[in-house]
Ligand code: GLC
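Take a look at this single chain, the form predicted on its own, given in structure tokens.
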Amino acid sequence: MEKRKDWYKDLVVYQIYPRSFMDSDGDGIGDLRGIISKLDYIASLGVNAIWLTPIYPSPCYDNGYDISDYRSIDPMYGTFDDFIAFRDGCHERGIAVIMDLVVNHTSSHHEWFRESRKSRNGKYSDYYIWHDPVDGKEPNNWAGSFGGSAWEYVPERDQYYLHLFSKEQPDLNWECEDVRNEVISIIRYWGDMGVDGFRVDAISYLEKAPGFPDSPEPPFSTGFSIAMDINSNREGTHRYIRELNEKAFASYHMMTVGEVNCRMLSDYHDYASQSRHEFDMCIPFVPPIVEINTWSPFKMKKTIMETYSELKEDGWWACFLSNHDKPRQVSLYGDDRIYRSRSAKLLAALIQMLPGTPFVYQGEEIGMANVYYGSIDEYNDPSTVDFYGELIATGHSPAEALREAQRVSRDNARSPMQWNADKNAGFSDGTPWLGVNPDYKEWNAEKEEEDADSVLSFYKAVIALRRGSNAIRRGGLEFIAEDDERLFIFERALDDEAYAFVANFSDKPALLSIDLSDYGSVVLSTTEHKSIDSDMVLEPYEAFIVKRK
């Protein structure tokens, strides 16, 4: 594919969670052949990039984010030939291939770790972070993000290794030059294979706090304290990322997006400004429970304004509302009951109209919603199970704990793609690895393809509008009515082309008392409005796009 220096600014990315997308062989797990069979569907959306979550060999303690071999394809997803066929099928359709790169940690099954744990004096001994016991116990009070201590004891070395995530995900030692060279080699390997870019997972924690001091955060019921903040965004981490860019990413003109811990506005700039030579853009990670309990349309508007102000000079954005780590966007930000279709369309228009590179997560284009399993035993996500256990340990009843776990679970985004109204939503002839949402007979791609007013049809229209407009892809952003609690109104303009996005981000009618006389008829709407009037009343979750005369 032809790649200008800033080619990533014209992408619309479709994220696929392969395990849940399409199963070609009836084993209940999505695979590469399944994805290949749906490439025409994906191309019909108008997207021009696909991001695959990890498809490397893995024991799947964390659904592939624990990699045991960076240069192969997990047999559950197919063969290397299947990957080449997928790559070629994408490129034939003008679709870039973006892979996931997980290099804060590996799987505990990786050869590097299996060798590292054997001895303090081997080739791989320093590939991971080892520490002697302190008073016969863990080196400090750090907790892993999936619960319990962030340290695991290994008798062979009489030492603990660090894992900021699960114990099956030991952290790599980025101070070791051999580790950095290994990662550079892996990136170049996939670049030579025709991969067009990477989304880089959990990349904010490469350099650990010197001396491994105790975390000042209050302890969980286990007695350990969160370790993420004390290890976030250190200068050594930025230095390592710049090395990856210089020695690998830049050589292939790769699109790069880092999943990062943005604790302050300056972090966006540090990771995603061109002058820093790190990533093209970043995905800020916010724990689902934090976002669910604190978000509002007004807060979202303010966040967009602030980050745009931080990055508009020489930065770029990964523009998204959902991914495999978050609840479904229509359930979190919209209304998945009364106004499901309309609010799903509003969210689609919002993402496509904002500056940056928009990401569409599989199923959002048909309005897929959260799935509420009836028992914790039906959940697969380890963080959901650990969260449920934490609630039980702190005195919540099983019913209360399940209700809270349902709200935040990453499995909401991982239930199988809903293709049609047949068995298992057309995802698999076998038993799906994770339960299908019971609403699939009403909400599925086949049904929506036949409906000109469907969420799917709206996605195709708004993506086409974006890709055909320089103002929407590359123009500036100016908010109107900044202090309104419910109305989202902004303009995208470049040269003599401009569009306005107007939305009532609530389930109550809202008066639009703003002069839009400079704009013509409605280009796209979530309702049947074809024209705009002064003092018009917007219906709940009504949104429309108008072009300046």
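For every residue, the number given is its place in the sequence shown, counted from 1. None of the values given here were measured: they were computed from a predicted structure.
We do not show the form predicted in complex with the ligand, though everything after this point is about it.
With the partner omitted here, the stretch from 121-129, 407-415, 134-142, 151-159 that lies within 4.5 Å of the ligand by heavy atoms in the predicted complex is 407-415.
In the predicted complex, at least one heavy atom of F146 sits within 4.5 Å of the ligand. Under a 4.5 angstroms non-hydrogen atom cutoff, the ligand in the predicted complex has F165 among its neighbouring residues. Using a 4.5 angstroms limit between non-hydrogen atoms, Y65 touches the ligand in the predicted complex. S204 falls outside the set of residues with a heavy atom inside 4.5 Å of the ligand in the predicted complex. Of the listed positions (E259, D270, D196, E364), a single one reaches within 4.5 angstroms of the ligand by any non-hydrogen atom in the predicted complex, namely E259. In terms of contact with the ligand in the predicted complex, the residue from S331, Q169, S322, T384 that brings a heavy atom within 4.5 Å is Q169.
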